[in-house]
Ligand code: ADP
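Below sits a lone chain in C-alpha coordinates, taken as the form predicted on its own.
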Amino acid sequence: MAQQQPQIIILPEGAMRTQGRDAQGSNIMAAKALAAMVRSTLGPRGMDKMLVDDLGDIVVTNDGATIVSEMKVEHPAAKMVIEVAKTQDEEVGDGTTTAVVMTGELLSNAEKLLEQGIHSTVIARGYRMAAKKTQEVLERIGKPVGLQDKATLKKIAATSMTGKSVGESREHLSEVAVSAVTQVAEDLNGRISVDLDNIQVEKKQGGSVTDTELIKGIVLDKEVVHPGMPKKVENARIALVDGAFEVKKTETDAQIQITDPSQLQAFLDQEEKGMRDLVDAVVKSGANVLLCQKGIEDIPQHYLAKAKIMAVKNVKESDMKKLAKATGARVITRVRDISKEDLGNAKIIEEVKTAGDEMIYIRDCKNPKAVSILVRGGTEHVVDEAERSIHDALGVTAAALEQGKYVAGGGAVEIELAKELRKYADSIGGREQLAVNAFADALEVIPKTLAESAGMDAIDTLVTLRSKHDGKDGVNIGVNVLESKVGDMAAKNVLEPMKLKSQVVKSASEATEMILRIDDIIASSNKNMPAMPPGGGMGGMDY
(Lines give C-alpha, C1' and ligand atoms only; values in the text may rest on other atoms or scores of the structure.)
Protein backbone atom coordinates (compact mmCIF):
# COMPACT_ATOMS: atom_id res chain seq x y z
CA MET A 1 0.00 0.00 0.00
CA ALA A 2 1.46 3.38 -1.12
CA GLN A 3 2.24 5.84 1.65
CA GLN A 4 -0.11 8.86 1.63
CA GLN A 5 1.59 12.25 1.14
CA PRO A 6 0.98 14.67 4.04
CA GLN A 7 -1.15 17.71 3.17
CA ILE A 8 0.73 21.03 3.53
CA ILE A 9 -1.30 24.22 3.94
CA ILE A 10 0.66 27.37 3.09
CA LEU A 11 -1.98 30.01 2.46
CA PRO A 12 -4.59 31.04 5.02
CA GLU A 13 -8.25 30.18 4.66
CA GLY A 14 -10.03 32.42 2.15
CA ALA A 15 -6.82 33.23 0.25
CA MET A 16 -7.04 33.15 -3.52
CA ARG A 17 -4.32 32.24 -6.00
CA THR A 18 -4.34 32.80 -9.75
CA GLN A 19 -1.48 31.42 -11.86
CA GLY A 20 0.04 31.53 -15.31
CA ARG A 21 -2.00 32.79 -18.25
CA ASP A 22 -5.05 33.29 -16.03
CA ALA A 23 -3.09 35.77 -13.89
CA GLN A 24 -1.72 37.58 -16.95
CA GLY A 25 -5.15 37.62 -18.57
CA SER A 26 -6.78 39.05 -15.44
CA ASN A 27 -4.18 41.83 -15.15
CA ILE A 28 -4.29 42.72 -18.84
CA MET A 29 -8.10 42.79 -18.85
CA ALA A 30 -8.18 45.11 -15.84
CA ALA A 31 -5.70 47.55 -17.42
CA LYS A 32 -7.57 47.49 -20.74
CA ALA A 33 -10.88 48.19 -18.99
CA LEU A 34 -9.41 51.17 -17.15
CA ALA A 35 -7.88 52.52 -20.38
CA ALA A 36 -11.24 52.11 -22.16
CA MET A 37 -12.93 54.23 -19.47
CA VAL A 38 -10.67 57.26 -19.94
CA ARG A 39 -10.01 56.87 -23.67
CA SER A 40 -13.11 58.82 -24.70
CA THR A 41 -11.82 61.91 -22.80
CA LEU A 42 -8.72 62.26 -25.02
CA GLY A 43 -8.27 65.33 -27.18
CA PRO A 44 -10.16 68.57 -27.89
CA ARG A 45 -13.36 66.70 -28.71
CA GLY A 46 -13.02 64.38 -25.73
CA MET A 47 -16.08 63.79 -23.55
CA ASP A 48 -16.37 64.53 -19.82
CA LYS A 49 -16.94 62.06 -16.99
CA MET A 50 -19.23 62.66 -14.03
CA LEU A 51 -17.90 61.07 -10.86
CA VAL A 52 -20.18 60.79 -7.82
CA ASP A 53 -18.71 59.71 -4.49
CA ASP A 54 -20.35 58.02 -1.47
CA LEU A 55 -21.48 61.39 -0.08
CA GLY A 56 -23.06 62.47 -3.36
CA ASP A 57 -20.33 65.02 -4.16
CA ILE A 58 -19.95 65.46 -7.91
CA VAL A 59 -16.84 65.99 -10.03
CA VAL A 60 -17.29 66.71 -13.75
CA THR A 61 -14.02 66.60 -15.71
CA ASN A 62 -12.10 65.13 -18.61
CA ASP A 63 -8.80 65.40 -16.76
CA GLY A 64 -7.30 61.90 -16.70
CA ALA A 65 -5.47 62.33 -13.38
CA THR A 66 -8.64 63.50 -11.63
CA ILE A 67 -10.75 60.68 -13.09
CA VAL A 68 -8.43 57.85 -12.03
CA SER A 69 -7.76 59.38 -8.59
CA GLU A 70 -11.48 59.81 -7.85
CA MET A 71 -12.41 56.27 -8.91
CA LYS A 72 -12.38 53.58 -6.25
CA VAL A 73 -10.41 50.92 -8.06
CA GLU A 74 -10.01 47.50 -6.43
CA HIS A 75 -8.07 45.45 -8.98
CA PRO A 76 -4.31 45.44 -8.14
CA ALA A 77 -3.21 45.70 -11.81
CA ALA A 78 -5.58 48.62 -12.38
CA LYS A 79 -4.00 50.33 -9.36
CA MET A 80 -0.60 49.93 -11.04
CA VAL A 81 -1.94 51.70 -14.14
CA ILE A 82 -3.29 54.50 -11.92
CA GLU A 83 0.26 54.92 -10.58
CA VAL A 84 1.32 55.62 -14.19
CA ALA A 85 -1.21 58.47 -14.35
CA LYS A 86 -0.07 59.84 -10.97
CA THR A 87 3.59 59.78 -12.02
CA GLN A 88 2.73 61.55 -15.26
CA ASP A 89 0.79 64.20 -13.34
CA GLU A 90 3.61 64.77 -10.85
CA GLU A 91 6.36 64.89 -13.47
CA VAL A 92 4.65 66.90 -16.22
CA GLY A 93 1.17 67.92 -15.02
CA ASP A 94 -0.52 66.80 -18.25
CA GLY A 95 -0.74 63.75 -20.51
CA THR A 96 -2.32 61.49 -17.89
CA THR A 97 -5.04 60.21 -20.24
CA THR A 98 -2.43 59.52 -22.92
CA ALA A 99 -0.32 57.55 -20.41
CA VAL A 100 -3.25 55.35 -19.29
CA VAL A 101 -4.48 54.73 -22.86
CA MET A 102 -0.94 53.92 -23.99
CA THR A 103 -0.43 51.43 -21.13
CA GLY A 104 -3.72 49.70 -21.98
CA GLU A 105 -2.78 49.44 -25.67
CA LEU A 106 0.74 48.12 -24.94
CA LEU A 107 -0.80 45.37 -22.79
CA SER A 108 -3.49 44.65 -25.38
CA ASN A 109 -0.83 44.17 -28.08
CA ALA A 110 1.29 42.09 -25.70
CA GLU A 111 -1.71 39.81 -25.15
CA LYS A 112 -1.82 39.03 -28.87
CA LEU A 113 1.88 38.11 -28.81
CA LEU A 114 1.35 35.90 -25.75
CA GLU A 115 -1.37 34.06 -27.67
CA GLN A 116 1.17 33.40 -30.43
CA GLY A 117 3.41 31.66 -27.91
CA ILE A 118 5.97 34.45 -27.40
CA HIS A 119 7.27 34.54 -23.83
CA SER A 120 6.46 37.57 -21.68
CA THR A 121 10.15 38.25 -20.92
CA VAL A 122 10.87 38.49 -24.67
CA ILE A 123 7.99 40.95 -25.06
CA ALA A 124 9.23 42.97 -22.08
CA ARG A 125 12.75 43.08 -23.54
CA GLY A 126 11.42 44.20 -26.94
CA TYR A 127 9.31 46.92 -25.29
CA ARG A 128 12.36 48.11 -23.36
CA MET A 129 14.37 48.37 -26.59
CA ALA A 130 11.51 50.25 -28.28
CA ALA A 131 11.18 52.70 -25.36
CA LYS A 132 14.91 53.45 -25.50
CA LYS A 133 14.72 54.06 -29.26
CA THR A 134 11.76 56.45 -28.90
CA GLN A 135 13.81 58.63 -26.51
CA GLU A 136 16.56 58.90 -29.15
CA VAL A 137 14.03 59.85 -31.85
CA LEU A 138 12.36 62.42 -29.58
CA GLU A 139 15.71 64.09 -28.90
CA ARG A 140 16.26 64.34 -32.64
CA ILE A 141 12.86 65.75 -33.66
CA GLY A 142 12.33 68.06 -30.64
CA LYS A 143 12.64 71.81 -31.31
CA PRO A 144 14.30 74.19 -28.82
CA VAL A 145 12.35 76.61 -26.58
CA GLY A 146 13.58 79.04 -23.91
CA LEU A 147 12.49 81.71 -21.44
CA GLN A 148 12.34 84.36 -24.16
CA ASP A 149 10.02 82.30 -26.43
CA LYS A 150 6.83 83.40 -24.68
CA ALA A 151 4.73 83.07 -27.85
CA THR A 152 5.71 79.38 -28.19
CA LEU A 153 5.17 78.76 -24.47
CA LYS A 154 1.66 80.24 -24.70
CA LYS A 155 0.85 77.86 -27.58
CA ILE A 156 2.08 74.91 -25.47
CA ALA A 157 0.00 76.06 -22.47
CA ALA A 158 -3.10 76.66 -24.65
CA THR A 159 -2.77 73.17 -26.22
CA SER A 160 -2.97 71.56 -22.76
CA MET A 161 -6.33 73.30 -22.16
CA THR A 162 -7.92 72.59 -25.55
CA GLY A 163 -10.99 70.40 -25.04
CA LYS A 164 -11.48 71.38 -21.39
CA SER A 165 -14.78 73.03 -20.47
CA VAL A 166 -12.86 76.29 -19.95
CA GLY A 167 -11.30 76.00 -23.43
CA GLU A 168 -12.92 79.24 -24.59
CA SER A 169 -10.81 81.14 -22.04
CA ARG A 170 -7.59 79.29 -22.82
CA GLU A 171 -5.88 82.34 -24.38
CA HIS A 172 -6.28 84.31 -21.16
CA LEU A 173 -5.41 81.36 -18.90
CA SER A 174 -2.32 80.46 -20.96
CA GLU A 175 -1.12 84.08 -20.68
CA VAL A 176 -1.52 83.89 -16.88
CA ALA A 177 0.22 80.48 -16.64
CA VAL A 178 3.21 81.44 -18.83
CA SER A 179 3.69 84.75 -16.99
CA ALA A 180 3.67 82.90 -13.65
CA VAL A 181 6.16 80.21 -14.73
CA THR A 182 8.60 82.61 -16.40
CA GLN A 183 8.48 84.84 -13.31
CA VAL A 184 9.54 82.08 -10.88
CA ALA A 185 11.90 80.26 -13.30
CA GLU A 186 15.58 80.37 -12.34
CA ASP A 187 18.61 79.90 -14.58
CA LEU A 188 21.02 77.56 -12.81
CA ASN A 189 24.27 77.32 -14.80
CA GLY A 190 22.49 77.46 -18.14
CA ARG A 191 19.73 75.06 -17.08
CA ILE A 192 16.22 76.36 -16.38
CA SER A 193 14.68 75.22 -13.09
CA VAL A 194 11.02 75.80 -12.22
CA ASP A 195 9.65 74.97 -8.76
CA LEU A 196 5.87 75.01 -9.18
CA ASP A 197 5.50 75.16 -5.37
CA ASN A 198 6.43 78.83 -5.75
CA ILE A 199 3.20 79.42 -7.68
CA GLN A 200 0.30 79.57 -5.25
CA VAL A 201 -3.10 78.85 -6.81
CA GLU A 202 -6.08 80.24 -4.88
CA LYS A 203 -9.64 79.76 -6.13
CA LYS A 204 -12.75 81.81 -5.39
CA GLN A 205 -16.23 81.27 -6.78
CA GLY A 206 -17.68 84.35 -8.48
CA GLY A 207 -17.03 86.40 -11.60
CA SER A 208 -16.00 84.49 -14.71
CA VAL A 209 -12.97 82.44 -15.77
CA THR A 210 -11.57 85.48 -17.60
CA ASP A 211 -11.38 87.26 -14.21
CA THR A 212 -8.59 84.84 -13.26
CA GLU A 213 -5.51 86.96 -12.57
CA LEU A 214 -1.82 86.71 -11.82
CA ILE A 215 -0.70 88.59 -8.73
CA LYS A 216 3.02 89.38 -8.64
CA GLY A 217 3.10 88.59 -4.99
CA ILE A 218 0.99 86.44 -2.67
CA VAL A 219 -2.72 86.18 -1.87
CA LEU A 220 -3.57 85.20 1.71
CA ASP A 221 -7.01 83.89 2.65
CA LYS A 222 -6.79 85.96 5.85
CA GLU A 223 -7.95 89.29 7.24
CA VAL A 224 -6.42 92.14 9.22
CA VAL A 225 -6.48 91.23 12.95
CA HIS A 226 -7.75 94.56 14.34
CA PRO A 227 -10.44 96.95 13.03
CA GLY A 228 -8.29 99.96 13.91
CA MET A 229 -5.49 98.91 11.58
CA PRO A 230 -5.14 100.25 8.02
CA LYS A 231 -6.78 98.06 5.35
CA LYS A 232 -4.45 99.30 2.63
CA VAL A 233 -0.73 100.08 2.79
CA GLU A 234 1.26 101.51 -0.13
CA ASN A 235 5.04 101.07 -0.39
CA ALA A 236 4.79 98.33 2.19
CA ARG A 237 7.78 97.40 4.36
CA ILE A 238 7.00 93.88 5.49
CA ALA A 239 8.16 92.04 8.62
CA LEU A 240 7.79 88.25 8.58
CA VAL A 241 7.78 86.80 12.09
CA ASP A 242 7.39 83.14 13.04
CA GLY A 243 7.20 83.85 16.80
CA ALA A 244 4.06 84.69 18.77
CA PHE A 245 3.05 88.11 20.10
CA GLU A 246 1.86 86.79 23.43
CA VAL A 247 2.99 86.15 26.99
CA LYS A 248 5.55 83.36 27.08
CA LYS A 249 4.47 80.41 29.17
CA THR A 250 7.08 78.85 31.44
CA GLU A 251 8.49 75.56 30.17
CA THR A 252 8.03 73.92 33.56
CA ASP A 253 5.14 74.15 36.00
CA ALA A 254 5.62 77.25 38.12
CA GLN A 255 3.74 78.92 40.94
CA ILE A 256 3.87 82.64 41.65
CA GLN A 257 2.84 83.66 45.15
CA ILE A 258 1.43 87.17 45.44
CA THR A 259 0.89 88.62 48.93
CA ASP A 260 -0.58 92.04 48.13
CA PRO A 261 -2.50 93.67 45.21
CA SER A 262 0.41 95.92 44.17
CA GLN A 263 2.47 92.83 43.37
CA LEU A 264 -0.30 91.56 41.08
CA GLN A 265 -0.44 94.91 39.28
CA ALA A 266 3.35 94.94 38.92
CA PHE A 267 3.22 91.41 37.46
CA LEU A 268 0.53 92.42 34.90
CA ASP A 269 2.46 95.60 34.05
CA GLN A 270 5.58 93.52 33.43
CA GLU A 271 3.66 91.21 31.05
CA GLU A 272 2.27 94.20 29.18
CA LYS A 273 5.71 95.84 28.97
CA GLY A 274 7.12 92.62 27.47
CA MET A 275 4.51 92.65 24.73
CA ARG A 276 4.90 96.39 24.18
CA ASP A 277 8.67 95.91 23.74
CA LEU A 278 7.94 93.42 20.94
CA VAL A 279 5.74 95.97 19.16
CA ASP A 280 8.35 98.72 19.71
CA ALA A 281 10.98 96.50 18.04
CA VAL A 282 8.73 96.17 14.97
CA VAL A 283 8.04 99.93 14.91
CA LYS A 284 11.76 100.74 15.30
CA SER A 285 12.64 98.54 12.31
CA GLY A 286 10.46 100.74 10.10
CA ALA A 287 7.95 98.01 9.22
CA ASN A 288 4.39 99.07 8.39
CA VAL A 289 3.09 95.52 7.78
CA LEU A 290 3.47 92.54 10.11
CA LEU A 291 2.74 89.00 8.94
CA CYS A 292 2.92 86.56 11.83
CA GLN A 293 3.03 82.76 11.62
CA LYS A 294 1.61 82.41 15.14
CA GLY A 295 -0.90 84.32 17.27
CA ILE A 296 -1.12 88.01 18.18
CA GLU A 297 -2.84 88.78 21.52
CA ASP A 298 -5.19 91.71 22.14
CA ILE A 299 -2.65 94.02 23.83
CA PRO A 300 -0.03 93.89 21.02
CA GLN A 301 -2.91 94.23 18.52
CA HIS A 302 -3.86 97.49 20.27
CA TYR A 303 -0.32 98.89 20.14
CA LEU A 304 0.18 97.78 16.52
CA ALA A 305 -3.09 99.53 15.56
CA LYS A 306 -1.93 102.73 17.37
CA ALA A 307 1.31 102.58 15.36
CA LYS A 308 -0.74 102.25 12.11
CA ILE A 309 0.81 98.86 11.36
CA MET A 310 -1.28 96.35 9.39
CA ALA A 311 -1.00 92.89 11.01
CA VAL A 312 -2.11 89.39 9.97
CA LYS A 313 -1.81 86.36 12.27
CA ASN A 314 -1.68 82.55 11.86
CA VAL A 315 -0.13 82.64 8.38
CA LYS A 316 0.75 79.11 7.20
CA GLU A 317 4.42 78.12 7.20
CA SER A 318 4.27 77.30 3.46
CA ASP A 319 2.86 80.79 2.80
CA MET A 320 5.62 82.36 4.91
CA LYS A 321 8.25 80.71 2.70
CA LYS A 322 6.50 82.01 -0.43
CA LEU A 323 6.21 85.48 1.13
CA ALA A 324 9.95 85.52 1.80
CA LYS A 325 10.65 84.64 -1.85
CA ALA A 326 8.11 87.15 -3.16
CA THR A 327 9.01 90.15 -0.98
CA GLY A 328 12.68 89.55 -0.23
CA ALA A 329 12.05 89.57 3.53
CA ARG A 330 13.80 87.31 6.03
CA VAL A 331 11.64 85.26 8.39
CA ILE A 332 12.51 86.37 11.95
CA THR A 333 12.24 84.17 15.04
CA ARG A 334 13.42 86.67 17.69
CA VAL A 335 11.28 89.78 17.25
CA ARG A 336 13.59 91.94 19.41
CA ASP A 337 16.42 91.38 16.88
CA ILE A 338 14.44 92.62 13.86
CA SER A 339 16.15 95.27 11.76
CA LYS A 340 15.53 97.28 8.61
CA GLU A 341 17.60 94.79 6.55
CA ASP A 342 15.16 91.96 7.46
CA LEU A 343 12.16 93.68 5.88
CA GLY A 344 10.64 92.88 2.50
CA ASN A 345 8.89 95.21 0.08
CA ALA A 346 5.70 95.35 -1.95
CA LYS A 347 4.14 98.24 -3.83
CA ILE A 348 0.74 97.71 -2.25
CA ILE A 349 -0.91 95.46 0.36
CA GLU A 350 -4.65 95.61 0.82
CA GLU A 351 -7.55 93.70 2.35
CA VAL A 352 -10.20 93.09 -0.31
CA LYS A 353 -13.57 91.36 -0.02
CA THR A 354 -13.62 88.62 -2.67
CA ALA A 355 -16.72 86.46 -3.11
CA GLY A 356 -17.86 87.34 0.43
CA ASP A 357 -14.52 86.56 2.12
CA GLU A 358 -11.78 88.95 3.20
CA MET A 359 -8.44 88.29 1.50
CA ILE A 360 -5.05 90.00 1.78
CA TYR A 361 -3.46 90.90 -1.57
CA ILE A 362 0.29 91.52 -1.57
CA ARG A 363 0.84 93.03 -5.03
CA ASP A 364 3.60 94.26 -7.32
CA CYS A 365 6.63 92.89 -5.53
CA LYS A 366 9.92 93.70 -7.26
CA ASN A 367 11.04 90.62 -9.27
CA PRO A 368 9.23 88.11 -7.01
CA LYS A 369 10.33 84.46 -7.07
CA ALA A 370 6.93 83.39 -5.73
CA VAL A 371 3.61 84.50 -7.25
CA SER A 372 -0.11 83.77 -6.91
CA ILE A 373 -2.87 82.95 -9.35
CA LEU A 374 -6.43 83.73 -8.23
CA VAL A 375 -8.78 81.45 -10.20
CA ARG A 376 -12.36 82.66 -10.67
CA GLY A 377 -15.48 81.09 -12.19
CA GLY A 378 -19.27 81.31 -12.10
CA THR A 379 -19.89 78.05 -10.21
CA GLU A 380 -17.94 75.72 -7.95
CA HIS A 381 -17.55 73.11 -10.71
CA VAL A 382 -16.32 75.72 -13.20
CA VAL A 383 -13.75 77.06 -10.70
CA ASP A 384 -12.52 73.51 -9.99
CA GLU A 385 -12.15 72.73 -13.72
CA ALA A 386 -10.40 76.07 -14.30
CA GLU A 387 -7.97 75.21 -11.49
CA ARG A 388 -7.27 71.81 -13.11
CA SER A 389 -6.67 73.57 -16.45
CA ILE A 390 -4.25 76.03 -14.83
CA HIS A 391 -2.47 73.07 -13.17
CA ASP A 392 -1.99 71.41 -16.59
CA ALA A 393 -0.85 74.67 -18.23
CA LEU A 394 1.69 75.37 -15.47
CA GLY A 395 2.99 71.80 -15.69
CA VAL A 396 3.53 71.73 -19.46
CA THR A 397 5.10 75.21 -19.51
CA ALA A 398 7.55 74.22 -16.77
CA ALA A 399 8.27 70.89 -18.51
CA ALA A 400 8.98 72.64 -21.83
CA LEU A 401 11.40 75.05 -20.16
CA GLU A 402 13.19 72.45 -18.03
CA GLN A 403 13.90 70.09 -20.94
CA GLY A 404 14.14 72.97 -23.41
CA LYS A 405 12.33 71.21 -26.25
CA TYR A 406 8.83 70.83 -27.70
CA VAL A 407 7.14 68.72 -30.39
CA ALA A 408 3.98 68.96 -32.50
CA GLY A 409 0.76 67.57 -30.98
CA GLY A 410 -2.34 66.04 -32.53
CA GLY A 411 -0.79 62.57 -32.75
CA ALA A 412 1.97 63.80 -35.13
CA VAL A 413 4.84 62.75 -32.87
CA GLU A 414 3.31 59.30 -32.21
CA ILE A 415 3.05 58.57 -35.95
CA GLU A 416 6.66 59.69 -36.46
CA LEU A 417 7.84 57.50 -33.55
CA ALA A 418 5.88 54.50 -34.89
CA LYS A 419 7.48 54.97 -38.35
CA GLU A 420 11.00 55.10 -36.85
CA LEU A 421 10.31 52.05 -34.63
CA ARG A 422 9.22 49.96 -37.60
CA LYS A 423 12.48 50.81 -39.36
CA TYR A 424 14.36 49.91 -36.18
CA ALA A 425 12.45 46.60 -35.85
CA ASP A 426 13.64 45.52 -39.31
CA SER A 427 17.24 46.01 -38.21
CA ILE A 428 17.20 43.92 -35.02
CA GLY A 429 15.66 40.56 -36.02
CA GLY A 430 14.67 37.91 -33.49
CA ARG A 431 11.39 37.68 -31.62
CA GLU A 432 11.99 41.10 -30.04
CA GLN A 433 11.26 42.50 -33.50
CA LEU A 434 7.60 41.53 -33.05
CA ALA A 435 7.45 43.34 -29.69
CA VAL A 436 9.00 46.51 -31.19
CA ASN A 437 6.39 46.45 -33.96
CA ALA A 438 3.66 45.93 -31.32
CA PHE A 439 5.01 49.01 -29.48
CA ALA A 440 4.81 51.00 -32.73
CA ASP A 441 1.19 49.89 -33.22
CA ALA A 442 0.38 50.91 -29.63
CA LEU A 443 1.72 54.44 -30.23
CA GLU A 444 -0.80 54.85 -33.05
CA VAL A 445 -3.72 54.48 -30.63
CA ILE A 446 -3.35 58.23 -29.85
CA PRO A 447 -3.96 59.58 -33.40
CA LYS A 448 -6.54 56.82 -33.91
CA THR A 449 -8.51 57.93 -30.82
CA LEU A 450 -8.26 61.60 -31.84
CA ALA A 451 -9.65 60.73 -35.29
CA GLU A 452 -12.53 58.75 -33.77
CA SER A 453 -13.45 61.64 -31.45
CA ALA A 454 -13.58 63.98 -34.47
CA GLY A 455 -15.93 61.64 -36.37
CA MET A 456 -13.22 60.69 -38.89
CA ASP A 457 -12.56 57.19 -40.22
CA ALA A 458 -9.73 55.94 -37.99
CA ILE A 459 -8.20 53.52 -40.54
CA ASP A 460 -8.25 56.00 -43.43
CA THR A 461 -6.73 58.65 -41.17
CA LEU A 462 -3.88 56.34 -40.08
CA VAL A 463 -3.13 55.40 -43.70
CA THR A 464 -3.03 59.09 -44.71
CA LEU A 465 -0.83 60.01 -41.75
CA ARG A 466 1.64 57.21 -42.48
CA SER A 467 1.98 58.25 -46.14
CA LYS A 468 2.45 61.94 -45.17
CA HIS A 469 5.13 61.04 -42.62
CA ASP A 470 7.00 59.06 -45.27
CA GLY A 471 7.38 62.35 -47.15
CA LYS A 472 10.14 64.91 -46.66
CA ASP A 473 8.35 67.40 -44.36
CA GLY A 474 5.82 65.14 -42.68
CA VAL A 475 7.12 65.19 -39.10
CA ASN A 476 4.46 67.71 -37.92
CA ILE A 477 1.48 66.16 -39.73
CA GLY A 478 -1.22 65.05 -37.27
CA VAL A 479 -4.98 64.96 -36.70
CA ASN A 480 -6.60 68.40 -36.82
CA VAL A 481 -9.54 67.41 -34.62
CA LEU A 482 -11.32 70.77 -34.71
CA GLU A 483 -11.48 70.74 -38.52
CA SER A 484 -11.79 66.93 -38.86
CA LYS A 485 -8.86 66.58 -41.23
CA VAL A 486 -5.16 65.78 -41.38
CA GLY A 487 -2.81 68.78 -41.28
CA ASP A 488 0.38 70.46 -40.06
CA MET A 489 -0.12 70.72 -36.28
CA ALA A 490 2.81 73.10 -35.72
CA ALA A 491 1.21 75.54 -38.18
CA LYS A 492 -2.05 75.20 -36.19
CA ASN A 493 -0.16 76.06 -32.96
CA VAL A 494 -0.79 72.62 -31.44
CA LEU A 495 2.45 72.11 -29.49
CA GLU A 496 3.42 69.94 -26.52
CA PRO A 497 6.55 69.70 -24.36
CA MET A 498 8.87 66.88 -25.37
CA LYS A 499 9.04 65.82 -21.71
CA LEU A 500 5.32 64.96 -21.82
CA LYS A 501 5.88 62.41 -24.60
CA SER A 502 9.09 60.97 -23.16
CA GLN A 503 7.48 60.53 -19.73
CA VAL A 504 4.41 58.81 -21.25
CA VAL A 505 6.66 56.31 -23.04
CA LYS A 506 8.85 55.71 -19.96
CA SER A 507 5.99 55.24 -17.49
CA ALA A 508 3.73 53.21 -19.79
CA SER A 509 6.51 50.84 -20.93
CA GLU A 510 7.86 50.28 -17.40
CA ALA A 511 4.39 49.58 -15.97
CA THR A 512 3.61 47.23 -18.89
CA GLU A 513 6.86 45.31 -18.37
CA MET A 514 6.09 44.90 -14.66
CA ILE A 515 2.55 43.66 -15.29
CA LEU A 516 3.72 41.24 -18.03
CA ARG A 517 6.24 39.62 -15.69
CA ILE A 518 3.55 38.72 -13.13
CA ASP A 519 2.50 35.08 -13.50
CA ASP A 520 1.11 34.48 -10.03
CA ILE A 521 -1.37 36.53 -7.99
CA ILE A 522 -1.77 35.57 -4.35
CA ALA A 523 -4.47 37.55 -2.56
CA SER A 524 -4.96 37.20 1.19
CA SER A 525 -8.75 37.19 0.88
CA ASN A 526 -11.37 37.04 -1.85
CA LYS A 527 -12.28 40.70 -1.45
CA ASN A 528 -8.72 41.72 -2.39
CA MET A 529 -8.76 39.72 -5.59
CA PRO A 530 -11.81 40.80 -7.58
CA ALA A 531 -13.13 38.30 -10.04
CA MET A 532 -13.27 39.26 -13.70
CA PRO A 533 -16.87 39.12 -14.87
CA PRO A 534 -17.82 37.62 -18.24
CA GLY A 535 -17.53 39.95 -21.22
CA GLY A 536 -14.29 41.66 -20.14
CA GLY A 537 -15.65 44.19 -17.63
CA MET A 538 -13.74 45.10 -14.54
CA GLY A 539 -14.97 43.51 -11.37
CA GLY A 540 -14.54 45.11 -8.02
CA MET A 541 -14.63 48.66 -9.35
CA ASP A 542 -17.16 51.15 -8.15
CA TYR A 543 -17.00 54.86 -8.77
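Just count from 1 along the sequence shown to find any residue number. Only a predicted model underlies this, so the values are computations on that prediction, with no experimental measurement involved.
We do not show the form predicted together with adenosine-5'-diphosphate (ADP), though everything after this point is about it.
Participant: Should residue 30 be classed as touching adenosine-5'-diphosphate (ADP) in the predicted bound form when contacts are defined as heavy atoms within 4.5 Å?
Facilitator: It does not: once adenosine-5'-diphosphate (ADP) is placed as it appears in the predicted bound form, residue 30 has no heavy atom within 4.5 Å of it.
Participant: Indicate whether residue 51 is a 4.5 Å heavy atom neighbour of adenosine-5'-diphosphate (ADP) in the predicted bound form.
Facilitator: Result no; residue 51 lies far from adenosine-5'-diphosphate (ADP) in the predicted bound form.
Participant: I'd like to know whether residue 103 contacts adenosine-5'-diphosphate (ADP) in the predicted bound form, with contact meaning heavy atoms within 4.5 angstroms.
Facilitator: Residue 103: no, not in contact with adenosine-5'-diphosphate (ADP) in the predicted bound form.
Participant: Answer yes if any heavy atom of residue 370 is within 4.5 Å of a heavy atom of adenosine-5'-diphosphate (ADP) in the predicted bound form; otherwise answer no.
Facilitator: No, residue 370 is distant from the partner.
Participant: Given that the partner is absent here, state which listed stretch (361-369, 347-355, 443-451, 324-332) has heavy atoms within 4.5 Å of adenosine-5'-diphosphate (ADP) in the predicted bound form.
Facilitator: One stretch meets the cut-off, namely 443-451.
Participant: Between 511, 34, 42, 477, only one gets a heavy atom within 4.5 angstroms of adenosine-5'-diphosphate (ADP) in the predicted bound form; which residue is that?
Facilitator: It is 42 that has a heavy atom within 4.5 Å of the partner.
Participant: Report the residue, out of 68, 505, 494, 516, that has at least one non-hydrogen atom within 4.5 angstroms of adenosine-5'-diphosphate (ADP) in the predicted bound form.
Facilitator: Filtering the options by heavy-atom distance leaves 494.
Participant: For the three residues 183, 209 and 388, which mark the spot I'm curious about, does each lie within 4.5 Å of adenosine-5'-diphosphate (ADP) in the predicted bound form through at least one heavy atom?
Facilitator: Result no, not one residue of the spot touches adenosine-5'-diphosphate (ADP).
Participant: Where, within 77-95, is there a heavy atom within 4.5 Å of adenosine-5'-diphosphate (ADP) in the predicted bound form? Residue list please.
Facilitator: 94, 95 sit within 4.5 Å of the partner.
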